[in-house]
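One chain is shown next in structure tokens, namely the form predicted alone.
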Amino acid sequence: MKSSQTSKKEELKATLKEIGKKVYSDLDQKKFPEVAFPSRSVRNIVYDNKLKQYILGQNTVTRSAGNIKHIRPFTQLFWLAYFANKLVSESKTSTLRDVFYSSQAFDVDFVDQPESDEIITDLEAVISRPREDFNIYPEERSAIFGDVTIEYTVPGYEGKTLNLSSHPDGYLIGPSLSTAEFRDTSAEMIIAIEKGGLFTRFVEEKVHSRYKSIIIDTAGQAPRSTRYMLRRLNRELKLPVYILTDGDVYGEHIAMVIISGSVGAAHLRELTVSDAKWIGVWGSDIIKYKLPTIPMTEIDIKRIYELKKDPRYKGGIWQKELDVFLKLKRKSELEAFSKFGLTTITDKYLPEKLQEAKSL
């Protein structure tokens, strides 16, 4: 029986092969090869009320080898498709930085890494698959800890199992974990937390066993591999996701991106956890728990006004807490609970917020 990861790999290779076959077909018909894909311009990014996330509209762009202005990005795109196929076929991975330097071995010219990153995003739009599916990753920085047994699928480790509670520092969410199969867990929820220091505190305080949870450090704004992991845990293990962030407008946005995605990834649909819940730190929590605060900056306040216009924040707790932040004009951090004792956040705040979230 094929694993889900093996099936996904075969589907991707078939998709890339079809793109290549179209080029040959165009040439056989004495036509300039071309490729069409959804436009990622701001004008083509729309909010879908049903999906509750930004998606691409109906506009498309076409790159043709017959247009001198298109030859450079056209060539870069098809080299990247070849390179992605090579990575998948050989079960190898690459970082975004690796792609930039690897292109030089093939005399494919990128001015800088941002240009190669842009072409990677173009390929995502062409095949409607995230770069992680074709084995291109950013540098790992997020981590996971808890009682979940995974089985590796990467070459050399196939069939080997590991319990993610076996290392007190947690495990980096990299290619091997992103593609592993989930085999068993006693967890009943996932707690995603913004800060690495608090992630360590949660491990020390055995939050994973006390609350039957898997703990994930998002390391600030969650990388896409982390968002993908959260979605897999939520969908495949049927575990609810609860998000803890700093008590400020940026923390609220970190939670929103996990739930509803980002404008920058509007061309992808598989990175959201639509039923995840942001449990704090809310602006109203700052008042309720009498947390230490620092003043907001003008940039903070400007950001609040920007998000108040964002359709993702209309109604519910989102708009309410933006209004509270705006009224307070002060912000707080997760670590602020330490004023009342190092374990206050795990002993008092967390259980109260989880109970509140479950009752909503």
Partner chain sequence: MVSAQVTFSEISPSEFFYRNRDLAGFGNPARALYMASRELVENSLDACETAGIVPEIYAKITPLNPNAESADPRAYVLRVQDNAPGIEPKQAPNAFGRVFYGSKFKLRQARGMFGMGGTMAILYGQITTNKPVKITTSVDGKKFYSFTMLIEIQENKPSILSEETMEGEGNTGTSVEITLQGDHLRSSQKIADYFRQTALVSPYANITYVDPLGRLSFYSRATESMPPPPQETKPHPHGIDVEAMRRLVRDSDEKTIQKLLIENFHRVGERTALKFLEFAKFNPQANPKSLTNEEIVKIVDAMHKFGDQEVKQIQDERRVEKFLAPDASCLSPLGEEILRAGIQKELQPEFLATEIRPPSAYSGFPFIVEVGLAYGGKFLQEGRRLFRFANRIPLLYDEANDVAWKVLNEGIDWKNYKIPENAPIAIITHVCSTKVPYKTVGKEYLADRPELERELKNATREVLRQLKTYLSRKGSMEMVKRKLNIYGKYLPLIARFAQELSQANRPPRYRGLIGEQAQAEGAEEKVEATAEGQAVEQKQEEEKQSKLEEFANV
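Worth saying up front: this structure is predicted, and the values here are computed from it rather than measured. Residue numbers count along the first chain shown, from 1. The term rigid core refers to the maximal set of C-alpha atoms that superpose within 1.5 Å between the two forms.
One more form of this protein exists, namely the form predicted in complex with the partner chain; it is left out here, but the text below deals with it.
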Worksheet item: Taking T200, R227 and R232 as a possible spot, do all three reach the partner chain in the predicted complex with a heavy atom inside 4.5 Å?
Response: no
Item to complete: Select, from the options 63 to 71, 314 to 322, 50 to 58, 296 to 304, the stretch whose residues sit within 4.5 angstroms of the partner chain in the predicted complex by heavy atom distance.
Response: 63 to 71
Worksheet item: Is K17 close enough to the partner chain in the predicted complex to count, meaning some heavy atom within 4.5 Å?
Response: yes
Worksheet item: Given that the partner is absent here, does E139 sit within 4.5 Å of the partner chain in the predicted complex, heavy atoms only?
Response: no
Discussion item. So, S186 and the partner chain: in the predicted complex, are they within 4.5 Å at any heavy atom pair?
Written reply: no
Worksheet item: K21: heavy atom within 4.5 Å of the partner chain in the predicted complex?
Response: yes
Discussion item. To verify the annotation, which of these, T75, S128, N163, S274, has a non-hydrogen atom within 4.5 Å of the partner chain in the predicted complex?
Written reply: T75
Worksheet entry | Among the candidates D122, E132, D285, D248, the residue which, in the predicted complex, approaches the partner chain to within 4.5 Å (heavy atoms) | D122
Discussion item. Under the 4.5 Å heavy atom criterion, name the residues of 105 to 125 that approach the partner chain in the predicted complex, in sequence order.
Written reply: F106, D107, V108, D109, E118, D122
Discussion item. So that I can tell if E306 moves, could you say whether its C-alpha shifts by at least 2 Å between this form and the one not shown after the core superposition?
Written reply: no
Discussion item. Quick check on K50: with the core superposed, does its CA move 2 angstroms or more between this form and the one not shown?
Written reply: no
